[in-house]
Every structure is written in structure tokens, then in C-alpha cells.
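Single chain ahead, written as C-alpha cells, the form predicted on its own.
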Amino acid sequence: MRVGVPKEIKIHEYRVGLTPGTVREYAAAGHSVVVETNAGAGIGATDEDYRKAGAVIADTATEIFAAADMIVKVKEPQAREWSQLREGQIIFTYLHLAPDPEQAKGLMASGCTAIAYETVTDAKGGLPLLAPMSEVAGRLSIEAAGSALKRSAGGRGILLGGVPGVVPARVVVIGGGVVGTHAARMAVGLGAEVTILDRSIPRLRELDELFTGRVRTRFPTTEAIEQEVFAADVVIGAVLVPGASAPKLVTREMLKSMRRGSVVVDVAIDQGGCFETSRPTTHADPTYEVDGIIHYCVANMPGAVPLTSSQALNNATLPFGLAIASQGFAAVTQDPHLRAGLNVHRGRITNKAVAESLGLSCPPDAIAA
């Protein structure tokens, strides 16, 4: 198969769909790989590095989209990218369609087959292609919160871990999945006082054992959320409903009872955000204030550490990408985990959660080849 890797064009996105090391694996499997010039600049990979790995370098993204059977990216295609997709072409990337009806319409109109990293599953019911970026985002969320808490950034002027004789910051993590666990791990490591809220009692037990009493765990009733949010210096939104829009768990009304200069970090912003006052921001302008509360809602947080992120993502996507490259669409029909990743095919939404979030139907025959 001809595999194309365009340079990412979302603002301040430095990751790349395939690293040179991963290109070597595709080439060794007999596939041809075309990479746009300077696509790897953000991770320090030169065009020559890609040539040595077996890739051909193209001057423009237009050449990539015109020639490739499968496009491998990191972030969701932008308007000038989805307009270049064609019927029968496969795109393998993060899509996050639930809060993005325009992209959904563009992909449907193109007739392409779009497979989303974030809804591919594994035998344990996990999301193996979302997990590595969730790990990165969870850890970065605490770094972002620490910076936003500084008085110079508009925050309360609190050090996350405090110092001897001074209480540390109170960090509340809503969601005990991959993002929440890694956020809590970072916060605990810095010495913050941490509470994790999650709707799964078994998961709360696991977290209690994992952190050996260093975090508090609570079931997220409305009362519990209010109590924790009102007392928090930092609230991390780490809620995930695979494929669907994130529920709005922290309302604007709640902000009025928070301390001025407190910080909320919405890691769920790719899925619409779990705070009512959230809107996507960028690395260039990451924060804004609502009712005295600092909001950090960068939609591609792992893009800030592209070398780590690209390597971690490629490690996870490689076996799935090679299967698609070797078998084409048949890989999707034969593998239920890749089937879960299929979001758009021949003009139809094929993921039920995505379709419901967009107010569309998902016909049972949507994946018919």
C-alpha cells in the first residue's frame, strides 16, 4: 500500500504521523511511504532521516493526498485537508468528531474511510491508541496547572506542593481513567493534596490501592463534586465517554463559589470539554478567565512535547497501521478492535456514539464494503 504522511497544520502541532523508525517498519513490510518535506521537523527528524528509513519525500501535502492509499496523521484533518480526501482512501488519525460537525460533514462528503485512534479498542476493553496521549496529557495537565497558579499568570500564587509549614494546593481530578491517574501521580509526586472522583466503585478501590492512601477517592454525586470543586485550587477534567461528547460536570454556577485565581484544566476539551465554560485554546494562547477562574483548555496538549508524544503514539499505532496497510479495508471487517475505530465510511457515520452526539443515524449496514 502507498502510505502518506503530511505535515501537521494545526496551530502549534509539532507531532508527526510516522517517525523515521516507524517508516522503516512499513518499508520492511513492503509498503511505500511518502512523507511531506519537513513533516518531522518538530521532532528533530530531517528529510534525510526519512529517506534513510525508506521514505520518498514530497514537496507538498497535495502530492501526498493525491498519491496515497492511506493517510496517517496525528490530529484531525483540517478543512483544507478533508477537502483533498477521496472515495476509497483511508485516513488513520485522531478525529474527535463528536464536537466537530463540520469535520464530520467534510469526511462524509469525501467518501473516505476514516479510522479514529481514539475509538480503537483492545481485548481488555481499553483504548490502546488513546492511552499514550492520555498519559502525556495527564502529566502535562499538572505542569500547566502549576504555571497557571502563579500570580503572574493570574492565579492564586500557590505552589502546588507547598513548603514546610505551609499547606499545599488542593487538586481535584474528575475521572479516574488514564488521564486522571497520571495527573494524580504527578500531583502527588509534587506534594499536592489530591482527590480523585470516579463513577466506578471498583476503579476507586484500584486507585486507593495504587496510591496507598496518598489520595482521597470519592464517588461523584453532585454534592461531592460541588464540595470538592469549591475547596479546590486546581480542578482537572479527565472525563471520557468513548466517541461521545464529554458530560458537563462543572457548571458556570459552580465557578462563583470557587476561590478567585483557582485553575481548571479541561483535558476532555477534544470531546467538547467537561466544564460548561470550556472552549478550545492553543499553545500560543492557552488560558482565559471566566468569573475569576483561570481556564486551560488546549486541545492538543501532547503537541507541546512532540518527540515523546510521537514516539509513544507510533509505538501504539504501528501494529494497527501495518494491518490496514497489508489488508486494506478488510482489516477493519476482520478485526473487531479496528472496527470500533471506524467512524466514517462511504459517506456514513459508522460509530454509534459519534452518530448520537452529532444527531445522526448509524445504519447497521454502514460498514458494508
Ligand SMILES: NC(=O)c1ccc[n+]([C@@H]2O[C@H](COP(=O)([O-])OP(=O)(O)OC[C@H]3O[C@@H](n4cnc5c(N)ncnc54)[C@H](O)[C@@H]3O)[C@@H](O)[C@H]2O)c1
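Fair warning: this is a prediction, and the values are worked out from it, not measured in the lab. The first residue of the sequence shown is number 1, and the count goes up from there.
The protein also exists as the form predicted in complex with the ligand; that form is not presented, and the subsequent description refers to it.
The candidate spot formed by S134, R199 and V241 is fully in contact with the ligand in the predicted bound form: every one of the three has a heavy atom within 4.5 Å. Within this chain, P128 is remote from the site of the ligand in the predicted bound form, having no heavy atom within 4.5 Å.
Using a 4.5 Å cutoff between non-hydrogen atoms, E81 does not count as a contact of the ligand in the predicted bound form. Although the partner is absent here, P302 lies within 4.5 Å of the ligand in the predicted bound form, judged by heavy atoms. Heavy atoms of L249 reach within 4.5 Å of the ligand in the predicted bound form, making it an interface residue. With the partner omitted here, the residue from E118, E76, D233, D270 that has a non-hydrogen atom within 4.5 angstroms of the ligand in the predicted bound form is D270. The contact residue chosen from V179, V172, A145, L95 relative to the ligand in the predicted bound form is V179, the criterion being a non-hydrogen atom within 4.5 angstroms. Annotated contact segment (heavy atom within 4.5 Å of the ligand in the predicted bound form): 270 to 278, selected among 151 to 159, 270 to 278, 209 to 217, 84 to 92.
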